[in-house]
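One chain follows as structure tokens, the form predicted on its own.
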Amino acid sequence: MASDSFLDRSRTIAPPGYNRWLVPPAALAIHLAIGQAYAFSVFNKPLGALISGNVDKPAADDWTPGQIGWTFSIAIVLLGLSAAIFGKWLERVGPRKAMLAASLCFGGGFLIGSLGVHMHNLWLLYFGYGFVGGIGLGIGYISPVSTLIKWFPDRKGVATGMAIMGFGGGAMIGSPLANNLMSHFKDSAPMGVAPTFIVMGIVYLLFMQFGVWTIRVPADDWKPAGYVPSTEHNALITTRNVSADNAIKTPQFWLLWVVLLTNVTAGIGVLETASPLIQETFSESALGAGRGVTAAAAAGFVGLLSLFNLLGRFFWSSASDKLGRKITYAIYFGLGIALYALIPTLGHNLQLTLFVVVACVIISMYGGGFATIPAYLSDLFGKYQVGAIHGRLLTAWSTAGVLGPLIVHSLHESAKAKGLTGAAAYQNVFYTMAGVLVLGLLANLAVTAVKEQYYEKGDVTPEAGGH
């Protein structure tokens, strides 16, 4: 009987006295695993040399960078779509069953993808890592978020920051793991990619089981010891609840959709161009022989951005508990507009240190935007079905995943076609992204309290995703 399954939500309710700080590690186990997606680029060159065996001299039948790039894009699109589609199912069945499904899809995606690599079948790679793995990304991403919000009603920003910080840090594990495995298997398979996919699929599937089997949800009447909800009136923090179906009918949902879309689109502008940007802007021709930024130094710059992406998720979302979500996003956008507009000037003036500092602050706010949005949603719509609402909002991420690179590449290519080089070749990218952030700032300023007509009438039930 389904009701007797150990996977059911009813079997994950924590007993009295359960320590809520045991829940964040379960969430981290899921997000650290699926955060590997940010490190997919380490496979780009090896996947493009499976036939030739030489990353510098691809064969005519080898896959092109553009063809390989679609694998990541499909995964990100499926992340948003699956989070939107399965959000209400997750709220109904609970996090354990959803996490198990996520682990099977994410690990299975690697295994199917390995077959595609072995057979040199690009569509099988798209289906495995992109489609199946992308579904695992989406379900896994939203699985622990609403549970953590319910465990930490007094620290919602800290709670979501802890989980989503793991996603930002996943690449710091996934990247060296993939490189070491490909090096180990390079003599047994083309570029060592297929066996690396198999090992990573199994490792991540097993690693995610820690989260699956240790996650707990609080009892309906549970609250932190000594916790008293604030009586201070704040129109943007409700004690009532809005369903996922009603939330998408409100202007507040779509304003936050624009907020997430613009913040992510602008951030991708930096992440997409980080390595070539700093090498071309601070090249030897600009700084002098032997003083230019090398490829190795650029890789260090990308790693530094990843670190600030991770730290920003926890720092900014935790700060939002004190500052308020609307003010925190106003900082992201207000400060972001100034810093994006400053980047081309720093490049023109060859101020490398300030350039790196500004880029790190920008990326910290990019990560912070991801981590703060679930708490913003909970403030406005209540904790009932907040996971499902969050899932639907992640379609903004999918859109940004396509829109951001499209803007960056078209503007950069246009500048190069005009003969511009160095910092000048990127200035329109950053001025455009500053303009994108202006739209986000206006959307955030327009956020108000949800109208009475959208709230649920009466009590909500766990079976419907409530608590």
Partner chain sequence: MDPKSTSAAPAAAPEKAALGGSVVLAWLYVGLPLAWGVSQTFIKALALFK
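Everything numeric here is computed off the predicted structure, so don't read it as measured data. Positions refer to the first chain, counted from 1.
Below, we turn to the form predicted in complex with its partner chain, even though it does not appear here.
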Heavy atom within 4.5 Å of its partner chain in the predicted bound form - the one residue of 86, 340, 72, 301 that qualifies: 301
Residue (of 235, 119, 296, 228) lying close to its partner chain in the predicted bound form, criterion heavy atoms within 4.5 Å: 296
Non-hydrogen atom contact residue 180 with its partner chain in the predicted bound form at 4.5 angstroms: yes
Any non-hydrogen atom of residue 22 within 4.5 angstroms of its partner chain in the predicted bound form: yes
4.5 Å heavy atom contact, residue 108 to its partner chain in the predicted bound form: no
Contact label in the predicted bound form: residue 172 to its partner chain, heavy atom within 4.5 Å: yes
Option from 58 to 66, 25 to 33, 422 to 430, 397 to 405 whose residues, in the predicted bound form, bring a heavy atom within 4.5 Å of its partner chain: 25 to 33
Whether 207, 222 and 356 all lie within 4.5 angstroms of its partner chain in the predicted bound form by heavy atom: yes
Interface residues of 128 to 167 toward its partner chain, as seen in the predicted bound form [heavy atoms, 4.5 Å]: 162, 165
